[in-house]
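Just one chain follows, in the form predicted alone, and it is written as structure tokens.
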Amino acid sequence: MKRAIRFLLVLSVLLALVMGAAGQDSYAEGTEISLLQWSHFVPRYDEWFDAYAADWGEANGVGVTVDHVNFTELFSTLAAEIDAGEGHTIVEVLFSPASFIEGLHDLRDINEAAAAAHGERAATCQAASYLPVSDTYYAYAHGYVPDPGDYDIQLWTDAGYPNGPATYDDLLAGGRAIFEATGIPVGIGMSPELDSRMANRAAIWSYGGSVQDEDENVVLNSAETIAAVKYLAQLQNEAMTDEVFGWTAASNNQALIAGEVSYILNSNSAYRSLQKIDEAAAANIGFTPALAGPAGAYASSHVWQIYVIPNYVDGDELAAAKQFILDHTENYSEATYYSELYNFPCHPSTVAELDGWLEEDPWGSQPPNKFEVLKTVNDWSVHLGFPGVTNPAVSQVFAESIIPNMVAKVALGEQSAEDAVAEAHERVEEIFNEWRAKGLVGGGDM
């Protein structure tokens, strides 16, 4: 019976998708939707999106407004609007909003409709929108962003690594040699901000550590995590400056553009900014996949583009919001193109041109195949809850910057790696237990 009901629900959404903009008769007169989104790191995307949203609204007889804010304001605004019971119709966030699950609509219908229309989504997108323990699609992920290494080709060539570092050992040895010869450091953040959270996790995963195991049990305090933290502290002490302790989300971009770092872990936005300023300097930037450690090569997606609809949205406003999201996915080739290949599609079939664009960048990179390394992104890009699921506890651990704070204490000499990891593990256990008591995190058998 449940399967039959689910089939009928998906079929109804698919029919709406096929019908597309059935015109103004689809929604009651005066229907309006509002979107809250970040100010995209690639401004061209916002220009395209705002025009697209206006055109969609006109075609569907729906009033559409789009507000853009700094990405750091998204979660605080979402929390305030859920608490108030009113606000934007659709909010786009950049990493899993699982910790808000109790205030969000279950979007199973449009997730399953999109899968039926476009095939399987990238695993990282599924993980950022679905909670297995409650069988709930608390969000809809439409895009994700690869997080390759960005390196100065000339500096690394002079150091003996013409293709940039391939392993964490390379990063330390080559980064240290460059720093000693030129004073130009590696730029891996160790502060409570987005890029630091991602970069520190990448090293821990690649050393075999993780916040949780595949069954959602906390396993942070391990020999593997301790080894990764010791490595990161050594990297900071020997190949970086104290600036990384004050790193912000803009630091990677600013340092790369200024030629002040030899290597960062970042999306292509830093490179794109440089490309517009100095084409020759941009040509000297190369990309690497995730660096390999003792346990393999892993890096999180840099961010995700994730839509949520708060529970206070209903009626035609809710129906129009869901249709907008599905139609946006239908047009994802344009979204990827106008984001200058920043937004990768959660449903690969929606951007058939992507491989060709990676081989020959439509935005003029030199050499044209500069982004070809990103063809392998699904071999090494994982999600925040890896190797388990991205649950509300994982999202809260991420938001509290527990991992970069742990690493910074060791790099600053304030604690031993063993003590810092043990302390962080204790706090992570508290968070997991709180969410487990609500039935929203699995595990608990260890």
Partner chain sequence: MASVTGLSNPRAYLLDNRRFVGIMFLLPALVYILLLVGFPFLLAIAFGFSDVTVGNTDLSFVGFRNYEAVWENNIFRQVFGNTVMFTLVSQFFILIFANILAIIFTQEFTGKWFARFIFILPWATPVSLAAIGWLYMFDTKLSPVDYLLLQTGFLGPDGVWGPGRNLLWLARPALSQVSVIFVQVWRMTPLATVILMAGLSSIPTDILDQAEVDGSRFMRTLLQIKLPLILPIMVIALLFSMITMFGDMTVVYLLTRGGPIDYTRILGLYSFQIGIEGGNLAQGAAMALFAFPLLLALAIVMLRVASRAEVR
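Everything numeric here is computed off the predicted structure, so don't read it as measured data. Numbering follows the first chain given and starts at 1.
This next part talks about the form predicted in complex with its partner chain, which is not shown.
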property: Contact assignment for its partner chain in the predicted bound form, among V69, A28, A51, A399, heavy atom within 4.5 Å; result: A399
property: Residue (of E214, D278, E353, E102) lying close to its partner chain in the predicted bound form, criterion heavy atoms within 4.5 Å; result: E102
property: All of N343, E360 and E372 with a heavy atom within 4.5 Å of its partner chain in the predicted bound form; result: no
property: 4.5 Å heavy atom contact, N405 to its partner chain in the predicted bound form; result: yes
property: Its partner chain contact in the predicted bound form: D242, any heavy atom under 4.5 Å; result: yes
property: Partner proximity in the predicted bound form: G87 to its partner chain, non-hydrogen atom cutoff 4.5 Å; result: no
property: Distance check, I82 to its partner chain in the predicted bound form, heavy atom within 4.5 Å; result: yes
property: In the predicted bound form, segment of 32-40, 53-61, 412-420, 379-387 with a heavy atom within 4.5 Å of its partner chain; result: 412-420
property: Residues in 429-444 close to its partner chain in the predicted bound form, defined by a heavy atom within 4.5 Å, in order; result: E430, E434, W435, K438
